[in-house]
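Take a look at this one chain, the form predicted on its own, written out in structure tokens.
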């Protein structure tokens, strides 16, 4: 039963891994830009939900649309302020330039967060924080279960958006071949902007859900960037649902390793999976 309990908790955190990785996968797949400050965007989303709860009394789950809207606007500003210059370069140099800008953005955001909010860990304690759903000997925290459901709903909405929305199809076409997309009349720069803004919005949503079930601090950015990168490599590009499943797989693998070898080794399994997938299937398990 202990193993089953660990796997259930791993599945719940895996949903957050999948949501966190979806934004990074979208930006990298469309813009060919690797934003290594993605974890810092998740951290800012967590602080946004925290301060809405502290200052205005907003329930963090109900405040999710507000945080996502703010993250979308911040993504637009980030794109025009920094990454619009990166996408003007050839695709071969975009990753190198985006890494430099991303590292600088991550360091600046971390330092600003420490300056504004100190390095202390903060968490949101709602009236239902301790509620659990008991299935025999298995206890499922309702907050984390709600986070998993919301994460899946957001991924499903993104999938439908990319499949049905006119600009969603334009984003997919741009990801396939931006030159051919431009020849068909698609405004490639606008597709880039929309993809980056949506990716930032997903990061804000992930940060909100992280703040509900876990603690947040300025230092969580690097950890969540690494988790997102591992999931992107595991799942591959081209499928948001595949990215979500990749997050679930990582969560289950971490839970199983913690049960078999102890808690300190749960972080190692992600790196092992990262290297194994790179060697055996570089395009990922669900790549198109």
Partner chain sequence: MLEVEAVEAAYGPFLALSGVTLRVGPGEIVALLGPNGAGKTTLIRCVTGLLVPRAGRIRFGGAEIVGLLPHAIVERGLAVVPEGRRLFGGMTVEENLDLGAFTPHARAGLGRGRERIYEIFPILRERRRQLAGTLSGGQQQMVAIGRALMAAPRLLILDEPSLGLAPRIVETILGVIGEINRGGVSILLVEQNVQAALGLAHRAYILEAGRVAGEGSGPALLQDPHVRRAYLGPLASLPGSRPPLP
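All figures in this text were calculated on a predicted structure; none of them were measured in a lab. Numbering follows the first chain given and starts at 1.
Another form, the form predicted together with its partner chain, is not on view; read the next lines as being about it.
When you look in the model of the complex, the only residue of 181, 154, 124, 106 with a non-hydrogen atom within 4.5 Å of its partner chain is 181.
For the options 161, 76, 173, 95, the residue carrying a heavy atom within 4.5 angstroms of its partner chain in the model of the complex is 173.
Residue 99 falls outside the set of residues with a heavy atom inside 4.5 Å of its partner chain in the model of the complex. At the 4.5 Å threshold, heavy atoms of residue 193 stay clear of its partner chain in the model of the complex, well away from it. Though the partner is left out of this view, residue 186 does reach within 4.5 Å of its partner chain in the model of the complex, counting heavy atoms only. In the model of the complex, its partner chain sits within 4.5 Å of a heavy atom belonging to residue 167. The stretch that touches its partner chain in the model of the complex, counting heavy atoms within 4.5 Å, is 173-181, out of 81-89, 173-181, 116-124, 142-150. In the model of the complex, no residue of 210-230 lies within 4.5 Å of its partner chain by any heavy atom.
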